[in-house]
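Quick heads-up: it's one chain on its own, the form predicted on its own, in structure tokens.
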Amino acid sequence: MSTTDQRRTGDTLDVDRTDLAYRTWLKEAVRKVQADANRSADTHLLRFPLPEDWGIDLYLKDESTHPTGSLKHRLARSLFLYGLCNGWIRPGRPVIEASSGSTAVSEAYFAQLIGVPFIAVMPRTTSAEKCRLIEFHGGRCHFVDDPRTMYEESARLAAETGGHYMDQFTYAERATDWRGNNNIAESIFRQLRLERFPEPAWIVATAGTGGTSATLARYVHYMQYDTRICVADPDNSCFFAGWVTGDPDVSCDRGSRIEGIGRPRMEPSFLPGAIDRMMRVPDAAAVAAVRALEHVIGRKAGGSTGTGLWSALRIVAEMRAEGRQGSVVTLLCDPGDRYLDKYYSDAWLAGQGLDITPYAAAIDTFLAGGAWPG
């Protein structure tokens, strides 16, 4: 039931517009999203085994254990709460998102949880397993041939359907409570509290929206830690070039092969001034790193994990060469079973012209002897 009550007192017009059905629905939707966080235990911090006498500990924050299997579960929850509390998400109207996959899987989950339709606008090259998961959670996949058109197509669909374009690339850093509230940064530092190096020398992240690196960097600055933040960027992404040149308008003409990270433009949620370092990581190196990860800890992971792990190993090698001790943290972003037809397929690698052999050899040499080759 909606009512509009207008009262005039002197020169003041007081308008009270109340939609009781909507406010009841909104309270229940927010409750359901917050209850999901209450039901979800924190994600694990895994040790990547290195020789004890190196004096360096390497950890992976395992975000694959979220209910929807990726780091993006945190982001999707924050975006839904942000959209609901801003009055943007309405009952019966679709939520639309531009995504290369994992965010869409998580947002489909939350859309189903509160009972609204969901449409994912995605590159046609998105892995079949991610598409299956989106549809499993009740979402619909809407494909584009050129990843650079996802933004405009999402906005068009929202206007056409009366829905809400979530726009993770703009709102990721705004929707996340970076001062704490069990965000990923606070969780990492709490889990390291009893380790021998509780304040890490480096945290390595990768960037899709840029929201995770922004949250990590802001939290570190806010808490006055000495931890440095490194962002690893894949091929066919403009974040590295934009950070080096300071040009917010830098772009590239193709999409990233590493799903979930790398963008053809500098996204609004990427905060270059907040981070300390960036590394450009070849896609072949990222694939070599996830295959090495499986060999070392018995876990498959996606290419974004490999991109971050390659950079983390390089940082460990630098610390060892300089005689420094400490800890390094990177992220296990999502499980590798979503990419069996890509990063774990030799046929896909050959089709992409990627040779992981020299990168795999470099990792093996480093882990065996402690010095980075070359």
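Just so we're clear, the structure is a prediction, and the values are computed from it rather than from any experiment. So that there is no doubt, residue numbering starts at 1 and follows the sequence shown.
Another form, the form predicted in complex with a small molecule, is not on view; read the next lines as being about it.
Proximity to the small molecule in the predicted bound form, taken as a non-hydrogen atom within 4.5 angstroms, holds for one residue of L71, I96, A108, A286, which is L71. Taking the partner from the other structure, the small molecule in the predicted bound form has no heavy atom within 4.5 Å of any heavy atom of G83.
The closest heavy atom approach of P234 to the small molecule in the predicted bound form falls outside 4.5 Å. Taking the partner from the other structure, the small molecule in the predicted bound form has no heavy atom within 4.5 Å of any heavy atom of L309. Proximity of I203 to the small molecule in the predicted bound form: non-hydrogen atoms within 4.5 Å are absent; the residue sits far from the partner. Screening 25-33, 43-51, 311-319, 334-342 for residues having heavy atoms within 4.5 Å of the small molecule in the predicted bound form returns a single hit, 334-342.
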